[in-house]
Structure formats: C-alpha cells, structure tokens
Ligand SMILES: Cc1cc2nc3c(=O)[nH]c(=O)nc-3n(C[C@H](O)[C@H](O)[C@H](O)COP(=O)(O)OP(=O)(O)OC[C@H]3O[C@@H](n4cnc5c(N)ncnc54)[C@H](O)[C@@H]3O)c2cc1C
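In structure tokens, one chain follows: the form predicted on its own.
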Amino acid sequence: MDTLANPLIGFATDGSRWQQLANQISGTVITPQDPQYDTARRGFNLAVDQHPAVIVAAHTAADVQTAVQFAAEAGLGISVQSTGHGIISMADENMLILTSPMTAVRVNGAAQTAWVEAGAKWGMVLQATQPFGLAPLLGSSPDVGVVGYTLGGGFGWLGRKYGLSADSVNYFEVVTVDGRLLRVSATENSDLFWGMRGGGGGLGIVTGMEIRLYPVTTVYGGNLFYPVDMAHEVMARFREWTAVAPDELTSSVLIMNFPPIPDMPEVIRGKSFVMVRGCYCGPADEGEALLRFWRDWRAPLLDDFKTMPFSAVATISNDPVDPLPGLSSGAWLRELHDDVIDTIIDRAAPHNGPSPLIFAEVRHAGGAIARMDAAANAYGHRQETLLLQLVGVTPTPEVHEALSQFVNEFKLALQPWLAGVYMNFLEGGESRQRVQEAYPVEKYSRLMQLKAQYDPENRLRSGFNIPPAR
C-alpha cells in the first residue's frame, strides 16, 4: 500500500507532526519510538495487547480538543482510556487519548455534588467526599475509573437505594469528534445527555462531570462463607432472602474459587466456597438483624459482616488492584430458578479438578434502579433484578481462548433464563458482538441516530459498538 492510498502512513511516521502536537498541549505525546510507549499503551487487563499509532496523555480538556483535531487531520480513529478496565476495542492504528492524568475532584458539600475529571478513580472521589459525610455511587472497586463506569450505567453497593451512577450525573463536559467543547445536561444538548447515560463512550469524549452525592458514611457489610457443597441450599435461600430485601440492602451470592497463591490467607488459599456478600446502608442494627436469616439457619465457616466506614467498602469484594490478564463476561437472569442454580454449580464449582473461573456471582439489583423512568436515559434492562458475572484469569492467549469458549458454553446452557447483557461486565469481542442485547430496540435505534449525528464516521472506536444510522 503506498502513501497516496493511505495518507496516514506519511503523517504517522512524520515525527515533526507529533512534535507540533506536543508543542500545542500541556500533556504528553508518546510515539512507538518513545521508551514509555509500552507502559502507556497498557490497560488494566494485561490480556489486551494494543498498539496505537500515537498516544496523547491529556492534562486538560483543551489538550483533548487539540488531539482530536490532529487525529482528524491524520485520518486516525480515536480511542479513549482512563484506567483501562473493560477495554472493548483495541487502539491499534488509532490515536489513544489517555485521560488518566486528569484527576481533579472538587466537592460542594452544601449542594451534595462533586466535579470529577475524566481520569479520576472512584477511590479518589470517595476520599474527597467522606469528610463531608457524603458518598458517590461507586462500584465494587474504588480502583475503577469514574467516567467509563458511569457511561455504561454503573451498578454498585448503593444501587438498590440510590440507583445507578449514570442516573446521578448532573452534567458532562464533552469534547466532540469535531473538537467542540460542550456542556451536556438535561437542558443543554439534552439528546446527548440522554445517550451518554448508559450508552457508552462512543458519542463524545468526557473530560469531566458533576455528580450527585448521598449521605452515607457507615454501612453494615461483608461476606458469609459456606462450604461449596452447600451451594444449592445457599443459592435457594438467597432467592428467598432477596425476595423481601429492603432497598438499603444490595447483595450477591457467588461461587468463589480462591487461587492457590502465597499472598492469599491460608484459611481460604486454594479453596472454594459459596458466599453471600452484601452492603446495608441503613442503621447497623437493622443490617445485623437481616443477617440473622443466615446466622440462625447455619453458622458460616467464616463471617466478616460488620459495621464499617463506607471508605472501607472495597473490602467487601476485595477486587484486585494490580493489572492482570483476565476475562469478564455476564448476563441478566430472569430468575434464580433451580435449574439456573444447578447450571452455575455445575460450571463454576470444582468437580474432579478446579473450575476455570475465579468466580460466578449473581448480584441482586432492582429497587431504585427499577423505579427510575426507563425512558430517562439510554440504560436498558432496568426491570431485571439478577445480574450474573463470570470472571477468570487468563495468563496466556491459549488460556484466554479456552476460557472464552467455556464461558460461551456456560451461557448457552443458561439461554432459556437470560434476559440481555450489562455492558460494563463485557469486554473485547463479546462486547462488540452483543451490544444490541443491552438495549430495547427503540433505545438502540435512538443511539444509532445519535451516533450518526455526533460521530457519523465512527471515529470514536473504543466505546460501545453502536454504528451510525444510515
């Protein structure tokens, strides 16, 4: 292919062009020739091996605007990454814009809001808001980026009480693919505001957002560990427990296969359990009373439910904070039918050898999420109440391929009870292929129309795979 057939070749190899970009921004421009390139291109999931044409570590919204304009001149697609969790499409041959240097968090205690820049993680927001007696609607891990999590919906430990993270956005600051900087809210560019809350990052580049906060400083949370051979009894009892659960309780049941690694506590190292975990954001004595349902039934092997500061909420799930190669998948379940329980146990629990999964977890949704007007934003499946997530570690491409096949067969066995997908749990090829299952037909059609309006050439290629309407 010659330069005339592909004008990108001349541009991408012309170091003076990228130096020109570097001279116009306060951030950093990184090319494949730079020693920091391999570190900068890495996401949290080390199974992703992407090779962007150029990387721009942006420090301001103006940096993003300038980078977008240079990408247009070069004919480059644009990928955007903060923490690199949940990468959908690799940034190969694109401009990769890193927002991770943009980490400012400003709290307005009186208004119960926070302004959060695009590279901030939930832990930063939590640290800034708790002194005001307020909490954001973060997920199970404070190490995840705020913006990407929110654009996909954002269902966390306060979800049943206060709803999704996407439901609590007051406004976004957005750079469009033509380089404009827009304020996007219910009254300004409201069509885009509808689409970005649940529709992913394919409509514009968020450089910051204002979110609402909630009066939570202490919760009653933790885990109950039961023998894995009690999995059916525990899951059936979880079904009974959640049928009458108050909105203050967000909980899950899972089969957990702890890896046999040295830094794991000996009591759980290399062992499997069926676990009940949860977070109750009402009075602690009420949370403790809810746990009698379990403690009076069977004494768990381990019980770490306790009153804790909300700043310690990460200890409930104990998600990893160091990058590692892995695979995540999931789907909404219509019900926790006995056959669903048996299928999960058959595939996720060890039988004549270990399961390839680290865990299979069913989270209880509903509550405030389901009460929100379904037409208010792009997020789909509000009425579903059970969300399955499957996670495994994949140290080699061969293991990744084998686990992908295993997960596909797992979900095929559950097909009669599946009710669509939650995009934040999907990665890579599966996310690109199954995005339509995240939305009702009319919402997906509206998102395609918005894509055609704001990014008709599909230059923002790392968000949800929603094509422009023709």
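The shown structure was predicted, so the numbers you read here are calculated from the model rather than taken from an experiment. Note that residue numbering begins at 1 and tracks the sequence as displayed.
Just so it is clear, the following notes concern the form predicted in complex with the named molecule, a form of the same protein that is not shown.
Although the partner is absent from this view, residue 330 stays clear of the named molecule in the predicted complex, with no non-hydrogen atom inside 4.5 angstroms. Contact check for residue 291: every heavy atom lies farther than 4.5 Å from the named molecule in the predicted complex. Residue contact with the named molecule in the predicted complex: residue 194 places no heavy atom within 4.5 Å of it. By the criterion of a heavy atom within 4.5 Å, residue 241 is excluded from the residues contacting the named molecule in the predicted complex. Annotated contact segment (heavy atom within 4.5 Å of the named molecule in the predicted complex): 146-154, selected among 146-154, 125-133, 297-305, 265-273. Shown without its partner, this chain lists 378, 234, 80, 344 as candidates; in the predicted complex, only 80 has a non-hydrogen atom within 4.5 angstroms of the named molecule. Proximity to the named molecule in the predicted complex, defined as a heavy atom within 4.5 Å, holds among 139, 392, 222, 163 only for 139. Contact annotation for 420-445: residues with any non-hydrogen atom within 4.5 angstroms of the named molecule in the predicted complex are 422, 424, 425, listed in sequence order.
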